Ligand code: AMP
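Here you get one chain, nothing else, as structure tokens; it is the form predicted alone.
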Amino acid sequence: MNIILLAPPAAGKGTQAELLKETYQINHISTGNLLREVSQEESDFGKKIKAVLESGSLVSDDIVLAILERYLDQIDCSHLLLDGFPRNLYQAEKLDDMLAKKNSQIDFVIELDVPYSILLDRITGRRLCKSCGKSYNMNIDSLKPKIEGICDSCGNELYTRSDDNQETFQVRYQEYFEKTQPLIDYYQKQGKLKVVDGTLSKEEIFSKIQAILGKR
């Protein structure tokens, strides 16, 4: 089965993607991670991607699609999990074309529904460990570190990503609403869209996703 996780920034796609990956042994594709990997390259292309990511803007469709297609050529395309992609109708249609060439298709589209105010709290409160990458949130009691600014797991320093601020988030959310919202209609017409309440605990969200997958 091939699955798409569809949701605005900070809605919890990454968390659910990890649970799905561990449970179903599925190929997890995060275009955000692929882009960040490229942004670490010292090439002109890598520096260009890094500048776009730090500005909070979205990378052009053609660049994202080229990176994704190169990756799909290296893996089995019958057991995929796409996290945060596609972001608009053009990308969705191109993805369908890519998979069709490999005799594959998208089977499930899971939308995580989370109100704007909760998303903003998640973004502005997020802190990441410089060493192990563990994520915390200063606006959510259950997700705060035991010692402010220090990772509970490895004891290293926490930091705030350069794009984790209200101004950048507003730009990203508006772009999501304008460009990604039409995907709901696109996949709904295909009978593939299912909506899950993203304000629940990660365990409750995952349980609902499992129930949806079990219906097919």
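We call the rigid core the largest set of C-alpha positions that still match within 1.5 Å between the two forms. No experiment lies behind these values; they were computed from the predicted model shown. Note that residue numbering follows the sequence shown and begins at 1.
As for the form predicted together with this ligand, it is not shown, yet the points below apply to it.
Of the residues given (K94, K144, K134, R87), R87 alone sits with a heavy atom within 4.5 Å of this ligand in the predicted complex. The partner is absent here, but in the predicted complex a heavy atom of R161, alone among R161, R70, K48, K189, sits within 4.5 Å of this ligand.
Residues within 4.5 angstroms of this ligand in the predicted complex, judged by any non-hydrogen atom, belong to 59-67 and to none of the other stretches in 37-45, 181-189, 59-67, 145-153. Proximity to this ligand in the predicted complex holds for none of K21, L82 and Q210, with the criterion being a heavy atom within 4.5 Å. Of the heavy atoms in L53, some are within 4.5 Å of this ligand in the predicted complex.
N27 falls outside the set of residues with a heavy atom inside 4.5 Å of this ligand in the predicted complex.
Residue displacement note: K94 has its CA displaced by under 2 Å between this form and the one not shown (rigid core superposed).
If you fit the rigid core between this form and the one not shown, you'll see the Cα of L128 move by 2 angstroms or more.
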